[in-house]
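Next up is one chain by itself, shown in structure tokens, the form predicted on its own.
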């Protein structure tokens, strides 16, 4: 038979305190999710310039000071929301942690990941916040550095890793710098998407890979 603990005055208070902490944490998590969702929704609906902390707070059903307790600006809210959106998409697709496939066919692997990138860039859920963050990062240097460090560089490193694996397998010249090589297909896509210099499609990114891997000189 298990002996019951001897009750004391502090017992009920401790139980109440222990129960209150998880509840408070869950409430905070729910509030943060609601705020992130509100930021993404507003940017998609009214655009970044018209999105305000007050509007996010009203949409999320929280006070403005709740937002400022966790984030210094609407840009920081949006960055966290966008990163969380990407992480959730990866989990839903069963691709966390994500790696560029290595089937042994470098061209096919690059084409597959760039096609998926096109689909994401054309998805309204991703397009509006991605454009907003890219534009804000140009004039807001701290945010721009954080955007690059938390989102862009980890993604670019995946290409570096895949190209190095191709080098090890003899599919890419050993003197090629993978960090420069990836820009042959990633940078044109980014420029065309950001500046609307032309449509982006699977056929377009397939062609970028072919040009990058096969070169332009006559054979």
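The structure presented is a predicted model; accordingly, all values stated were derived computationally and were not measured. Numbering follows the first chain given and starts at 1.
FYI, the form predicted together with a further copy of the same chain isn't displayed, but the following is about it.
> With a cut-off of 4.5 Å between heavy atoms, is residue 188 one of the residues that contacts a further copy of the same chain in the predicted bound form?
Residue 188: contacts a further copy of the same chain in the predicted bound form.
> With a cut-off of 4.5 Å between heavy atoms, is residue 139 one of the residues that contacts a further copy of the same chain in the predicted bound form?
Yes, residue 139 lies within 4.5 Å of a further copy of the same chain in the predicted bound form.
> Examine residue 184 and determine whether its closest non-hydrogen atom to a further copy of the same chain in the predicted bound form is within 4.5 angstroms.
Yes, residue 184 sits close enough to a further copy of the same chain in the predicted bound form that at least one of its heavy atoms falls within 4.5 Å.
> Would you classify residue 132 as touching a further copy of the same chain in the predicted bound form, given a 4.5 Å non-hydrogen atom cut-off?
Contact check for residue 132: yes, within 4.5 Å of a further copy of the same chain in the predicted bound form.
> Check each of 165, 152, 44, 57 and return the one that places a heavy atom within 4.5 angstroms of a further copy of the same chain in the predicted bound form.
Going through each option in turn, the one that passes is 152.
> Just to confirm, with a 4.5 Å cut-off on non-hydrogen atoms, which of 160, 53, 172, 62 contacts a further copy of the same chain in the predicted bound form?
Checked against the cut-off, the match is 172.
> Counting only non-hydrogen atoms and a 4.5 Å threshold, tell me whether 34, 99 and 121 all contact a further copy of the same chain in the predicted bound form.
Spot residues vs a further copy of the same chain: no contact at all.
> Is any part of 199 to 213 within 4.5 angstroms of a further copy of the same chain in the predicted bound form by a non-hydrogen atom, and which residues would that be?
The stretch 199 to 213, when checked against a further copy of the same chain in the predicted bound form, contributes 204, 207, 208, 211, 212, 213 at the 4.5 Å heavy-atom cut-off.
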